[in-house]
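Read the single chain below, which is given as structure tokens and is the form predicted on its own.
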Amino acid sequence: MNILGIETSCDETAAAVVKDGREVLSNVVYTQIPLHQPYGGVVPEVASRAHVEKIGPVVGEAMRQFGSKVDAVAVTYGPGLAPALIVGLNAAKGLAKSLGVPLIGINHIEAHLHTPFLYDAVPDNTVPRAVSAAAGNSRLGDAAGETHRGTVESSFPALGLAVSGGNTIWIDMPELGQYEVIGETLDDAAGEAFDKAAKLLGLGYPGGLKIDRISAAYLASTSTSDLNLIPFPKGRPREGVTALSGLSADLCVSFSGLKTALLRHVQQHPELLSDTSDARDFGGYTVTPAVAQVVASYQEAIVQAIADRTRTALKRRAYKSLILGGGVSLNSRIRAVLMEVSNAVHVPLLMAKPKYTGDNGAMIAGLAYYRRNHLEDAMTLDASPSLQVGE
């Protein structure tokens, strides 16, 4: 079954055709990053306007690469930016009606957790090495992931971790298609925390990739004994606070205190950003060793907070896999540390190839194959910006 997937939840206009939920036959993504860089973040009105302009060409190119008729159309209907979601949803409805095929509505977060199961119809030159605990390989210097070669169903029960610009969430998945949120961020997502730190440190938008590369270069250039990382807070909320909404504090994070700690550190060290006399290259970006140290320390606080909650979550039941998804899952340090966490409990870590970590149509089309019987009349769907996992 060949399904066309359309994704417009934020600042990527994307479309792809996937066969039987896993084999990617075409994949087209138009990124809006240059449009939003002057504003230091995504502007909903700018995003929706760009989606309107690009949805036709992007879908057309995905269909051209595929070269045949699809059996269904799938589309993200939430969560995300309302104006952006509406563009993709309306386009998908019109296309499904004109083609005379079913429409399938897909939850964006759930789709991110399907990405480790995607593989290319035509193999490229970025085939990664094994990422299962059985491989005993805890180093992921190229930040690669490998398609899970078993059946999708055989990976459950699974612990899902979606880490992106808008979400940091732990999900218990007892069976394929069943989702229960067991932990999440109480404020900023990890990706948002990275972007805000990059803006404060003058690194620009988007900040996640820059922080990752600067951190990796700093850690590689400094001996373990000389790292001297700044002890930023790891974001553990207090048990019983209202924001937990019944969730366990041990499985939730809060990055607001971490951001405040970074701000105070910068204020207490004004020379940090003013004195650039010893600036040099760190991962392709010119910063001072002092800034690189702050960047690496800040990233490590986020990574260890995520790792701590994941360790706790993995003790809840006997999982067959740890599934990692979302744009921030491309972060090399997160991948390496979570590999260590999964190896310690002998649970395979499944994560996507780098090109499928960000928002894309392939994850929408892929999950739709396994969810095609869950919605009776997707033509009546409205955009749902606050859609929850499992709804």
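Sequential numbering from 1, following the sequence displayed. Nothing here was measured: the structure is a model prediction, and the numbers come from that model.
Beyond what is shown, the protein has a form predicted in complex with a small molecule; the following relates to that form.
Although the partner is absent from this view, N331 contacts the small molecule in the model of the complex, with a non-hydrogen atom inside 4.5 angstroms. Taking non-hydrogen atoms only, Y298 never approaches the small molecule to within 4.5 angstroms in the model of the complex. Proximity of S164 to the small molecule in the model of the complex falls within the 4.5 Å heavy atom cutoff.
Among heavy atoms of P206, some come within 4.5 Å of the small molecule in the model of the complex.
Checking P237, G183, G78, G191 against the small molecule in the model of the complex, a heavy atom within 4.5 Å turns up for just one residue: G191.
Residues placing heavy atoms within 4.5 Å of the small molecule in the model of the complex fall in a single listed stretch, namely 164-172, out of 253-261, 286-294, 309-317, 164-172.
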